[in-house]
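Next up: just one chain, as structure tokens, the form predicted alone.
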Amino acid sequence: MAKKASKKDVAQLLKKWSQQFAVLAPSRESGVAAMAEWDGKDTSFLEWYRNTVVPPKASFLPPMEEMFRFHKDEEGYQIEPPSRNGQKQLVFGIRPCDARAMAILDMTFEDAYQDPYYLEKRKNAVLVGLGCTNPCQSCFCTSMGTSPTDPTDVDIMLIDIGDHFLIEEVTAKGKELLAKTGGLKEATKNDEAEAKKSRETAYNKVSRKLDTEGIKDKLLDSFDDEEFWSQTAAKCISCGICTLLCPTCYCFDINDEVVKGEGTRFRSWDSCGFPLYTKMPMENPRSEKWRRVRQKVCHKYEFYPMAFDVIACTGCGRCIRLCPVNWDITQVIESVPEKVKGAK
């Protein structure tokens, strides 16, 4: 049976969870909407929050992360792993599109190879989803296999039913947490009916649609179409914002900082949209902008589906609404040319 909690009691709920976790919630304290450690009292985000600018992936794959430290002695270089306190995180208010993105990232950092930095944070985290009641005009999640209230990839799901939130346990981890959380009321059949109505209303508000049928094959057929990709890349300014703020992009660079035999190796976000990305000692294999734009599009809609049978896009719309030149991924996908029958 689902539970429910009054919206005015959310602060008390987060305080209870703060006894077990470092609670992260939507915040504008840094000047841009992002998940940040909750201050212990403010729940005003329930009024303004549509989605964060910086995706929640930053809590698991930080923009910059220490990998290890090292120093040189008489026996050579000695490695010092970073201290790991194993602190548990509870991400409150994650939207279903971003929770879906975390599941997609898991395929890279767990299935493709075991990344200890990412996996430790994921193992120690609880995702509390918050259904989206006011999707942005740029959102197209319903075309990407999810919805504004999809509970699939969270541990606990909250659905807006007016003055209350309906609270659903989704995973064993979520069930265990709710069992330890006192003060919650049992949801009634009327509450469940209101939640169903809220889900339907939110779903129907997503007006932007994208047909991805056969897109992997169309991109493959168009891979060498320089004219198409040059036109597609014409107004791109290679700022990288669409990849850096994408919830499923995971490219990073690795650098060392060394001072007098002591140093730190760290990794930081990178973008395939940058001219220096993957630059080799003698050349850059994607020096032309159209090749970099092609890489960005094909990675999500062709290469990732080839590897994991899922499109690495959740329709969150960040790359559309945050692009300074109004480059639109949905328009690009819709404009990929069909292969002419009989053409070689």
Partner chain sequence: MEQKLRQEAKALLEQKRVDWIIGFTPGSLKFTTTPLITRDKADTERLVINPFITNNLANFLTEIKGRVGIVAKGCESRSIVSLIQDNKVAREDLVILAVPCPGIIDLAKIERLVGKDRDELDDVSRDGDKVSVKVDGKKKDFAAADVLFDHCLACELPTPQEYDIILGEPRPPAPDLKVSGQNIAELKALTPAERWASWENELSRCIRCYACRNVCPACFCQRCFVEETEPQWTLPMPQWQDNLIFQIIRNIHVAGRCTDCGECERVCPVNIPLRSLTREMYDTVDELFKFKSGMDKDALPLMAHYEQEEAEDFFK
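Positions refer to the first chain, counted from 1. These figures come from a predicted structure and were not determined experimentally.
The same protein also has a form predicted together with the partner chain, omitted here; what follows describes it.
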In the predicted bound form, the residue from I161, L105, A202, L244 with a non-hydrogen atom within 4.5 Å of the partner chain is L244
Students should find that, of D211, D111, D73, D256, the residue having a non-hydrogen atom no more than 4.5 angstroms from the partner chain in the predicted bound form is D256
Counting only non-hydrogen atoms, the one stretch of 308-316, 295-303, 35-43, 49-57 within 4.5 angstroms of the partner chain in the predicted bound form is 49-57
Does the partner chain come within 4.5 Å of a heavy atom in each of S268, F274 and D328 in the predicted bound form? yes
**Report entry** the partner chain contact at K235 in the predicted bound form, heavy atom, 4.5 Å
**Finding:** yes
State yes or no: in the predicted bound form, is some non-hydrogen atom of S287 no more than 4.5 angstroms from a non-hydrogen atom of the partner chain? no
4.5 Å heavy atom contact, C136 and the partner chain in the predicted bound form
yes
Is there a heavy atom of C239 no more than 4.5 Å from a heavy atom of the partner chain in the predicted bound form? yes
